[in-house]
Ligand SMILES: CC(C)(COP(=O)(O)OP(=O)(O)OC[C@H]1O[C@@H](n2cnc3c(N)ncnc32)[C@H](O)[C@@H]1OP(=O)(O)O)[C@@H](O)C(=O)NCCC(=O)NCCS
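Read the single chain below, which is given as structure tokens and is the form predicted on its own.
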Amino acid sequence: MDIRPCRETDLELLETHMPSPGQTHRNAMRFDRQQEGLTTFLIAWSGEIPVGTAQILWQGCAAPEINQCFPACPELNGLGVWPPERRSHGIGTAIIHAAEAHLQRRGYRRIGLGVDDANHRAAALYLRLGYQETGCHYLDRYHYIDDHRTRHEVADPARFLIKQLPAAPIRGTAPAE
């Protein structure tokens, strides 16, 4: 599996295999934010087929109460694997590891992510991968536009997790054991 930042030429394949819900144009918006330097939009590929995505939000969580508690902490956001039959096969874990390595190469020592209080499966994955509870709870606010062009406002209760990252090894040296 190859995991790399999105390219403009990837957008058509993304919409074919991992379509944006409703009228959101989510994939194109994520790519645009990457072009502005606000995110890195990662795509997991199985051959020529995109099977998972996530983005690194370089400015951190959009919730002000989280950003205040964890300033300058990039957030892993929007992790998804598609179609559902591909879940629980290590794709999400591989994307998380790729995002962590991306941050380490840039010198970051921690990463955060929000998890919906009702998403016990995702929370178990994150905790298993070394993310820790912070005790910070917030409402994850977003909107989407459905197929009838109706805008829906959403506020999901969520909690914020943090993982401390080891320093990236210096090129040409073996990692310490």
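In this text, residue numbers run from 1 along the sequence as written. Quick caveat, the model's predicted, so the values are computed rather than measured.
Unshown form predicted in complex with the named molecule; subsequent notes refer to it.
For the marked spot (L79, H89 and T93), a heavy atom within 4.5 Å of the named molecule in the model of the complex is present in each of the three residues. Using a 4.5 angstroms limit between non-hydrogen atoms, I49 is distant from the named molecule in the model of the complex.
In the model of the complex, the named molecule lies farther than 4.5 Å from every heavy atom of Y108. Residue contact with the named molecule in the model of the complex: A122 places a heavy atom within 4.5 Å of it. In the model of the complex, none of the heavy atoms of I66 sits within 4.5 Å of a heavy atom of the named molecule. Figure note: of the listed segments 144-152, 26-34, 57-65, 124-132, the one touching the named molecule in the model of the complex, with heavy atoms no more than 4.5 Å away, is 124-132. Along 95-120, a non-hydrogen atom within 4.5 Å of the named molecule in the model of the complex is carried by G114, V115, N119, in order along the sequence.
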